[in-house]
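Form predicted alone, single chain, as structure tokens, below.
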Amino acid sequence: MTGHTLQAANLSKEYGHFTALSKLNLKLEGSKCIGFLGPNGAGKTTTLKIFTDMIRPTSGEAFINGINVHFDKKKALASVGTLIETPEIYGSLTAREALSMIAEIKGIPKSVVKKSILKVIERVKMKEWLDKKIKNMSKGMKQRINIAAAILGNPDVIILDEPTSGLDPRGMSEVRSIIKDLKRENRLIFMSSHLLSEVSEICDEVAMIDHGKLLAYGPIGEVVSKFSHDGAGEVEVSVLRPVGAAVLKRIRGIGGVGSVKRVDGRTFTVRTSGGIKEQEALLSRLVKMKIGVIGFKPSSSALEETYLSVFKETV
């Protein structure tokens, strides 16, 4: 466990008679990726903007690594990388020039700027475009440059607002791959998204809000089980080699397993009668079966069912 934290303490934000946030309390800590879910107008972007001091709360406080963002913004944001909405980069600048400008704003020492830019540009696989003008890049390329800008300076905390929004399938896949790499490096990543399959693929935990209020927060499997009508959870399992009907039958016979459904030759879903602990036990049993388990994650369809159930009740 690291000391990386994001905390909203009784955060409220009002715009005239409209309440965007209502006494939101949420504490995120450690090295992980948390998906921020909710319908349009739920308060997600408002929350992220308050964390970066782009807007001020009507009441309450926001802390990053224990530092009040409003009262000591420079110190609080020193170890933070952000990508809020979709910022436009000056089209007449090259990627190198744009990142140099960001480095200066961030206060990165001039002696390491060149090396830092090369590191992040390689990270987002845009090295061959380093000296090309932004206006000649596709939307996906521009988003990769935006992510490079966010991670410039090697931040411990990364805040992303719908990072794959508006991208084509290839662009979305490229950005997701970058985020997956980042989450392996001892960072706290907080990202909003409307794509539940994306959250299931990338994130460890989810926080759900609506009308500015927190409805649920925790590991994806735990949240799915909590809001499931039968208390069940569903995981997607990927294996190295195709499994036959006999293997699936053995899995159905494991205690706590409700159903097993084949997705394709090397992927299947398993519905369990319990939460995280039961899923942990299931993974242990599957590994012992030596069927070549290479992937084990909450099912995106299970998260979708949970999402629809939670927000149907809040309409």
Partner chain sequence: MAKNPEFGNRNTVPNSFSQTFTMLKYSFLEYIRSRRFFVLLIIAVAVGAILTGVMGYFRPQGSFASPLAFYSDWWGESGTFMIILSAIFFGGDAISGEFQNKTGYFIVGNPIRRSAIYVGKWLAALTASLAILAVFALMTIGNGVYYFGASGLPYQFVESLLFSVLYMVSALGLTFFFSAMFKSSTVAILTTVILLLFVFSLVQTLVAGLAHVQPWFIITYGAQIIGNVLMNPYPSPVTTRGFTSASGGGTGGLALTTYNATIPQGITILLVYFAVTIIAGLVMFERKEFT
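Residue numbers count along the first chain shown, from 1. Basically, rigid core = biggest C-alpha set you can superpose within 1.5 Å across the two forms. Here the structure is a predicted model, which means the values were calculated and not measured.
Unshown form predicted together with the partner chain; subsequent notes refer to it.
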Exercise. Between the options S197, S177, S138, S92, which residue brings a heavy atom to within 4.5 Å of the partner chain in the predicted bound form?
Worked result: S92
Problem set entry | One residue of V239, M172, L215, I84 in contact with the partner chain, assessed in the predicted bound form (non-hydrogen atom, 4.5 angstroms) | I84
Problem set entry | Joint contact, I251, G258 and E305 to the partner chain in the predicted bound form, by non-hydrogen atom at 4.5 Å | no
For this session: May I ask you to check whether I55 falls inside a 4.5 Å heavy atom distance of the partner chain in the predicted bound form?
Result: yes
Exercise. Is there any non-hydrogen atom of E122 lying within 4.5 Å of the partner chain in the predicted bound form?
Worked result: no
Exercise. Though only this chain appears here, would I108 touch the partner chain in the predicted bound form if you measure heavy atom gaps against 4.5 Å?
Worked result: yes
For this session: Decide whether S79 counts as a contact residue for the partner chain in the predicted bound form under a heavy atom distance cut-off of 4.5 Å.
Result: yes
Exercise. Which one of these stretches, 145 to 153, 164 to 172, 189 to 197, 205 to 213, sits within 4.5 Å of the partner chain in the predicted bound form when only heavy atoms are counted?
Worked result: 145 to 153
For this session: Classify P87 as shifted (yes) or not shifted (no) between this form and the one not shown, where shifted means its C-alpha moves by 2 Å or more with the rigid core superposed.
Result: no
Exercise. After superposition on the rigid core, does the Cα atom of L195 shift by at least 2 Å between this form and the one not shown?
Worked result: no
For this session: Please check if M141 moves between this form and the one not shown, taking a CA shift of 2 Å or more relative to the superposed core as movement.
Result: yes
